[in-house]
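A lone chain, given as structure tokens: the form predicted on its own.
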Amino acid sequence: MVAALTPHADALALAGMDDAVFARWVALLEQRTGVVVAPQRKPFLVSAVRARMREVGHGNFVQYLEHISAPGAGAVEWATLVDRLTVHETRFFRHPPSFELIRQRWLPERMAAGSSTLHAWSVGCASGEEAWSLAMVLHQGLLGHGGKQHFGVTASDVSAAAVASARTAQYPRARLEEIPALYRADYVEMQGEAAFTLIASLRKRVAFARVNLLEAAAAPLQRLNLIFCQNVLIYFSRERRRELLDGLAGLLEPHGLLLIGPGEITGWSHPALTRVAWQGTLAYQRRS
């Protein structure tokens, strides 16, 4: 049950967040999630935190910060707040050139080399559209080469609510237009007039998990052949982006592919990776 705010508490909640308190919130978020909240994003942070404070009956930003910093009930409340602060906006086939690189070049080359298994990771999957898009591309591509290769997609997000939503594979009918006709006919099932899902055989290929990217090294993600990490790094500092990418590079199998959102990093390289030339993409492949 949500506690009701007293008039006094409500007045405090409306008082605002001064720069010193804002700095404490920024430090906590970066420490626990790696996400950096720039000064110009302060109104968003204040609005989101304040809305949650109203729901649970907290009227002071400092006291609420101390509450979520504590173990036990504070950890539960922290998980809920992270869901509010995490941006979940995404769509199917959000960056077409990256999917075309997989479909037209990387997957055929992999099949020609005789590889028998494929494990992909969708990093920061939000409500699942990216993961399902990957699964459609991989499934159709493998069918085109005899379907002899087994594959799976692990999709992760820091938000438990986003992961729960993605796992349902249920989307409003209006989102159908995002899926190219090439895939729509084979992988979409209507759920009445207003919604659709993905076919059962595709849903079996994707597993969802709550993973904090800062703790990815401790997650059971190894021997990865494809890492799709787009629209995630933009929330981290430049130094942290390089650290995260170095970690992702270490998870790739030989000839594995790392796809990053164009413009999310500049000047980064890794001794085990080679930049892949494909128009409109930022991609790296691990050498043998």
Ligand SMILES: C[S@@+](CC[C@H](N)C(=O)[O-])C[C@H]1O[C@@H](n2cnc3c(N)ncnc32)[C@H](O)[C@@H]1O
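Quantities reported herein were computed from a predicted structural model and do not represent experimental measurements. Residue positions are given as counts along the sequence shown, with the first one as 1.
Just so you know, the form predicted in complex with the ligand exists too; it's not on screen, but the next bit is about it.
- Within 4.5 Å of the ligand in the predicted complex, a heavy atom is found for every one of Leu213, Val232 and Phe236.
- Partner proximity in the predicted complex, defined as non-hydrogen atoms within 4.5 angstroms of the ligand, places exactly one of 124-132, 196-204, 176-184, 102-110 at the interface: 124-132.
- Of the heavy atoms in Thr90, some are within 4.5 Å of the ligand in the predicted complex.
- Although the partner is absent from this view, Arg94 contacts the ligand in the predicted complex, with a non-hydrogen atom inside 4.5 angstroms.
- Within this chain, Thr86 lines the site of the ligand in the predicted complex, having a heavy atom no more than 4.5 Å away.
- Although the partner is absent from this view, Thr33 contacts the ligand in the predicted complex, with a non-hydrogen atom inside 4.5 angstroms.
- Distance criterion of 4.5 Å from any heavy atom to the ligand in the predicted complex singles out Ser159 from the list Ser165, Thr154, Ser159, Gln149.
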